[in-house]
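Presented below, as structure tokens, is a lone chain in the form predicted alone.
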Amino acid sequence: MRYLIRYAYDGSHFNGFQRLKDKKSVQGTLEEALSILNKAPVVIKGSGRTDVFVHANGAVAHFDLEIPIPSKRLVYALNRIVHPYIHVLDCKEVPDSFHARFSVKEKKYVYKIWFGAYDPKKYDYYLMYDKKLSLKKLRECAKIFVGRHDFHNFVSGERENSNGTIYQIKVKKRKNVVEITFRGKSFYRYMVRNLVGAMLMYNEGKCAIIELKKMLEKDYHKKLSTASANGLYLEGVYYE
């Protein structure tokens, strides 16, 4: 029987999502818990991978169990094992044709920037930013990235295809926090962090709009800074 779970985790306590032989990962922790309940090895398929220190409030994964377990009971049992740095929010049965990665229609990421007085307790959960932030500049930059583009200058590693579509980028401020929300499809490795890095460089006057536009052209190659992982959250994954 195939199940879909939605879950949250504190990325500061894991070496990323992907299963690792000798290091603690989100995937490995969930698989160990599910294997105990299933009384046989279980492999989970996530909606995508997150890097070290990246957090999630709405990650999604699917898996198959040999022993059928009611969804509510499965949530309860899993949370007793994976507590305290992973929390399963809900669970449901899905068709065998469903795939947590390949069935995705949209993803939502949020990047959080703290620009108040330095607070070491917040370090693992925000980019600590000590420069002036212009919401106007961040929004000007965000407009460039919305739509379908070739994001080859904003991803890590070599890819045959770096085309992707960003449906929306919102910038909002509340007290000492600026949140940048990205909604779209086909986010690649480091892509959100590189886009945020470019937005902050534009905010600081270190690059121009015309240059950022050129970076979306196929034959233009340039790399800018990458924002730190600890400010990034996978906020939601959508299938309809």
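Quick caveat: nothing in here was measured; it's all calculated off a predicted structure. In this text, residue numbers run from 1 along the sequence as written.
Just so you know, the form predicted together with a further copy of the same chain exists too; it's not on screen, but the next bit is about it.
When a further copy of the same chain is considered in the predicted bound form, only one residue from Leu30, Ala56, Leu212, Val196 comes within 4.5 Å through any heavy atom, namely Ala56. None of Ile86, Val94, Val104, Ala77 but one reaches within 4.5 angstroms of a further copy of the same chain in the predicted bound form through a heavy atom, and that residue is Ile86. Here the chain stands by itself, but in the predicted bound form one stretch of 150-158, 119-127, 96-104, 163-171, 119-127, has heavy atoms within 4.5 Å of a further copy of the same chain. Heavy atoms of every residue among Ala8, His13 and Tyr233 are located within 4.5 Å of a further copy of the same chain in the predicted bound form.
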